[in-house]
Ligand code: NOJ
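Below, in structure tokens: the form predicted on its own, a single chain.
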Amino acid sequence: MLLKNIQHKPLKHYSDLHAHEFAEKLLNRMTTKEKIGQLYQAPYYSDTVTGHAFDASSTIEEIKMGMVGSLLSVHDEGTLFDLQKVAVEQSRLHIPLIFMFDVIHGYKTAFPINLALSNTWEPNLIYRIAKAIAYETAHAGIHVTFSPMVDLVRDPKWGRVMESNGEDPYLSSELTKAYVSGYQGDSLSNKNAVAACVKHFAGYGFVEAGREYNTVDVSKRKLFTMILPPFRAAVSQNVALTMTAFNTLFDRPATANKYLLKDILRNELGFNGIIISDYTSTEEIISHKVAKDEKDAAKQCFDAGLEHEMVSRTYLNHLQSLLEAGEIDYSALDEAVLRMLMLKYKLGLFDDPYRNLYTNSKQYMLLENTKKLAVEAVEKSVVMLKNDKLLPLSKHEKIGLVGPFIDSKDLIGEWAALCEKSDVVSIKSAFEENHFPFKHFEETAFEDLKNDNEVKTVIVALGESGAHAGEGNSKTNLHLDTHQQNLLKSIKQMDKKVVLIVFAGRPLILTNLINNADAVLYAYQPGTMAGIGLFNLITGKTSPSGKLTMTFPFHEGQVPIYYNHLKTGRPFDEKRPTYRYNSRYIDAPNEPLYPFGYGLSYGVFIYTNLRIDKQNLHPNEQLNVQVTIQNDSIYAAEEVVQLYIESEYYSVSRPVDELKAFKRIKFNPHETKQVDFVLTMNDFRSYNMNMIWTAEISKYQIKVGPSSSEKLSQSIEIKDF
């Protein structure tokens, strides 16, 4: 390893035109074997790979032969340098490698998990976070992150909900744009940028029973209205790569689904980047029972439009013979290789294959500004679900700290790259750093807590381990374990005031917990600066402002439960709750425990005077919407104002509510503001009975409020010709 001798050349912006010209010239010099090699993502020895075991013993020799296009999950800078040195000095054409890694919500500085970040409803914050993540990632010598994950999710049993933006396609689309533009910046050759890979295309969030790698069965209309919008948003930001999903869609594995990859992704969405498989998902189409062997799998995936194969070797082993037999086209191979070479050129790797490899990369990690941003992310992502006039806490009384997560550093969550628990600030540590009077009680010291008359308020931190969520961690029991439930109940029975903080990678069932707490903060897994952000919220340095982006069930039997459902022909009648022949449960309410968009604040926001500037909307016109909001409190606070529409009639059934706009607004104490929105005809359009994108001639409700369940409403007629 000779990192100290690296001389980094200044990189310029490389245009698509120049990249194409360069790639074409290089392509003409390549053998068929070398071209096939560019479509292979090789494994190498790494402690961060999540997937089946692999054999990397031949990787070095294959790099020398020009048979490797990219490397997966290698992060040691000395190893990165050594592998790149082999590629650019010992292979025939000296083509550099691309290093790709799963950097999902932090590289060394862990931000809250992505589902928590979506609770901020703030694209600008997501953009700044993505830039900060890209900065650390790029300065560790990584070129591509497998992020953002934009699968729409409705089932908290699925472990990967923690990576998602939640259950709404519009909100997810806005956050997706922020992630991609934050990662990629104004140029992929920028030393602070990384290429983004949007995933998983498509439908993975709808796996049956919430079980990992399971079947997906959705209609074409659901695909276009719910699943595709965030991918369309990523393409609009020129996302560099798209990763296929493990699941089937329309009974074809996504990795070998020509309709999905060519007809929709390429032609409908206009994606021009690289299509990469997920980990070994090419050879897995044999298990899906659509391919008879590896050679057949290679042919089907390549014909479908898959270009870059992760870890499995079906392309490496079989594309040559398929080409020679005329079963696949040389022109398609050239097109795929051209895209890979263009990405390497635009990253500046042909000018500086060792870009951002340093002897002292630690100087770029865990910077004070990055940690400050992580604190802001915690403050804005935590959702206050309950507050019976207990929070914020006063420094004039001593607080009790109890629970298995009160001094825990297991607050990062899965998919956090090289973020370390040792860097996490716990709740107890934050109270110590801020010299706030407290007493920490071990769980074995209950009598001491019960008899301590000085401690009248107790913060109880409960949750699930970070390893309980993430890939491969689906679960059917969405409750905290019995021990933690009993712990909370016992403390409440001591006649103490209780602040409950819940750490989890998914929505949990809180129905049996909330009555044993006077205030509840849902923190998900908040990352490196967890304790500082939570301390600031608890003590009133800032006000909670997060809003849920996944519906919280009252009972597991309600799952999947989500706000934008279709209306049944026999909807539940609140005036006749026990009537048998309506859509209802006999042992639970229809409503969730907490709805989409819900979240409390120290501010008290009063919505009045919803106004629209016209009663009829025609094409090429815009609708101006205004609402008056008052902060009737002594606290400065931020409110996420949400605008929904409802179609009163349409040629197909549409959701009861559809989010179409939102704004995060700052309010001073007792301040009143007018909040404005602008809608166009596109905001009312959907796919009709004939899959035509139209609003039809119809009537719609415009609804504005603090959540999906509490809104003011105005009516408008649409004339869409």
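As the structure is a computational prediction, the values presented were derived from the model and not from experiment. Start at 1 with the first residue shown and count on from there.
Although not depicted, the form predicted in complex with the ligand is the subject of the following passage.
With the partner omitted from this view, the residue of Tyr602, Phe246, Phe605, Phe431 that lies near the ligand in the model of the complex is Phe246 [heavy atom within 4.5 Å]. Only one of Phe438, Tyr279, Tyr598, Tyr563 comes within 4.5 Å of the ligand in the model of the complex through a heavy atom, and that residue is Tyr279. The closest non-hydrogen atom of Arg160 lies within 4.5 Å of the ligand in the model of the complex. In the model of the complex, the ligand stays beyond 4.5 Å of every heavy atom belonging to Phe231. When the ligand is considered in the model of the complex, Tyr594 lies well away from it, no heavy atom lying within 4.5 Å. Taking the partner from elsewhere, Phe552 is found to have every heavy atom lying beyond 4.5 Å of the ligand in the model of the complex. You can rule out all but one of 639 to 647, 440 to 448, 355 to 363, 199 to 207: in the model of the complex, only 199 to 207 has residues with a heavy atom within 4.5 Å of the ligand.
For the partner-free chain shown, just Trp415 of 411 to 431 comes within 4.5 angstroms of the ligand in the model of the complex, judged by any non-hydrogen atom.
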